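A single chain comes next, written as structure tokens; it is the form predicted alone.
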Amino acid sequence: MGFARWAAIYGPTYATGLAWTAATALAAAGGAIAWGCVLLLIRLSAGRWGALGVDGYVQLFRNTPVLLPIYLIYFAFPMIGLPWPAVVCGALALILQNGAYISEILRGSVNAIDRVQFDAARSLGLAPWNTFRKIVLPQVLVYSIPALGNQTVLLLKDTSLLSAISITELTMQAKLLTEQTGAAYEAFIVVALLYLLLVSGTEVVFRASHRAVRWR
């Protein structure tokens, strides 16, 4: 079967996998950035023990494979009365894992901010939360855009691991088509092209965002 004919026949199957991959990656990326901001806020405002707790969390998730939290959440949560859908478990695992990396990205950006701004906020009587929300976070996000783009690309590619818990994203769809048709070459070549499309689109969005922010 020719490549074009293969794509025409199984296009709807790939469209379903593409939709699942894009939606899961978008939700997980937004959640990971939000969780990274929370971890950064804890590090900045919760004192020595808060910083130690965040350090321990970051080391745990940075030094373990992402499949581990995927399996733990998917198989353990039903045992404690939380039978969440597989896609929710998978997205949560990606959020927890990537949030650890993002918190470190944001911490590096905080270190680039002039410490005088913190002293000025304190002298004005701003609470730690207001200082974080009005002064720190906007600058941190601007400084972090390139690194956040790279981390989002890694998260996008990690969605392929969710096939391990039977989420019908792109890799899982290709696996199912291979089992049905026996044609592994065509199935995975199309998936590779679709991942290239998603990654390229993600990079374009973050580069455009960075240029717009720098221009302003």
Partner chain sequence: MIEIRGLQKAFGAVGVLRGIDLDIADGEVVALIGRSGCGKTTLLRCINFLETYEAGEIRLDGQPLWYRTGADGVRRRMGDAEARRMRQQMGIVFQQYNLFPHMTVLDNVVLGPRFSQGVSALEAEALGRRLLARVGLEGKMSAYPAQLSGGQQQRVAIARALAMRPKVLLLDEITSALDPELVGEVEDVIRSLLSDRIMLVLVTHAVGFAREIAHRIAYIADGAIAELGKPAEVLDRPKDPGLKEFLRRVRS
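Positions refer to the first chain, counted from 1. Each form is matched to the other, and the largest set of C-alpha atoms that superpose within 1.5 Å is called the rigid core. Bear in mind the structure is a predicted one, so any value in this text is a computation, not a measurement.
The protein also exists as the form predicted in complex with the partner chain; that form is not presented, and the subsequent description refers to it.
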- Looking at 80 to 88, 123 to 131, 101 to 109, 67 to 75, which lies within 4.5 angstroms of the partner chain in the predicted complex, counting heavy atoms? 123 to 131
- Message: So in the predicted complex, is the partner chain close enough to Ile135 to count as touching (4.5 Å, heavy atoms)?
- Response: yes
- Interface residues of 84 to 121 toward the partner chain, as seen in the predicted complex [heavy atoms, 4.5 Å]: Val116, Gln117, Asp119, Ala120, Ala121
- Query: Comparing between this form and the one not shown on the rigid core, is the C-alpha shift at Arg122 2 Å or larger?
  - Reply: yes
